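Take a look at this single chain in structure tokens; it is the form predicted on its own.
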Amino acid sequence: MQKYRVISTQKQTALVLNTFTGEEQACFFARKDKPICGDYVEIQHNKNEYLIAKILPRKNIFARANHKGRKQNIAANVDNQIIVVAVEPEPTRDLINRYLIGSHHCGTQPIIVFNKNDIDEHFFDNSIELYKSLGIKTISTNTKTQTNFDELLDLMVDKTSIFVGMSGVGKSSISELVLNKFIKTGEISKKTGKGSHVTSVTQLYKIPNSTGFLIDSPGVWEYGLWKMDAADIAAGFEEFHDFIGLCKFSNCTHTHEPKCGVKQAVEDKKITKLRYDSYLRIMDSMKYWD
């Protein structure tokens, strides 16, 4: 059988891409075996219809929480998680750190794009310095002058990348430049200062003149992490790893316990208080899923 990749899914059908010929085909699938965007599948032809016969093993799954705090699968086989934030609308306080926790658990490579630097070139200077110090790739750009777009495109070669971030930050505008095609974009609401929701279906695109793929996902105001315990959240803070083993208690939550290696590292300025405070807020937010 030929190998195909899922472009997008509806209730009973999926649009798939033939990875050899580049042709697209609509296929039915069994309700119990619903594929997601980015899946590799095998299909079979029965009379006048095509069916997805098998979903191939997934390398990883990009996910977020649904309204009940459960893990919701969004896309499969993702290499780069490109987190887009902008000067307008300004990102909510812990948004980037939530994405980074999700990236850790989903097995994706995080890249932070600080967009719309034409509005204020130095707006994200402190954030860029912080995340660079953690070894995370950052790019400062804007779609008007296309600053640093060659660097972004280079990171997408031979990779499947997903753009994530709040609506209105420029994901669709960046996608237009990457894909050389028009994708409907939303403007910032004057009343709320937020962007309008314009991408309704998670969709995979082949990047022209490149071996990379791009997945465009619906914008969300807050990236909801599914229900996690302290160990899961702490694992998403890479700079905590060297100090977790120094805690007195093996089940330390790094919040109130005595002789906590993480808290001591904060006091010794080996972990920034900014990130530690974010950890505490994210920990506290988990109570809403209870």
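Here the structure is a predicted model, which is why all the values come from computation and not from measurement. For every residue, the number given is its place in the sequence shown, counted from 1.
Separately, the form predicted in complex with a small molecule exists; it is not shown, and the next lines address it.
The partner is absent here; in the model of the complex, the one residue of M166, L204, I83, A75 having a heavy atom within 4.5 Å of the small molecule is M166. With the small molecule omitted here, the record of contacts in the model of the complex names 166-174 of 166-174, 151-159, 95-103, 205-213, defined by a heavy atom within 4.5 Å. With a 4.5 Å cutoff on heavy atoms, E121 does not count as touching the small molecule in the model of the complex; it lies far away. The shortest heavy atom separation between K144 and the small molecule in the model of the complex is within 4.5 Å. Taking the partner from elsewhere, T108 is found to have every heavy atom lying beyond 4.5 Å of the small molecule in the model of the complex.
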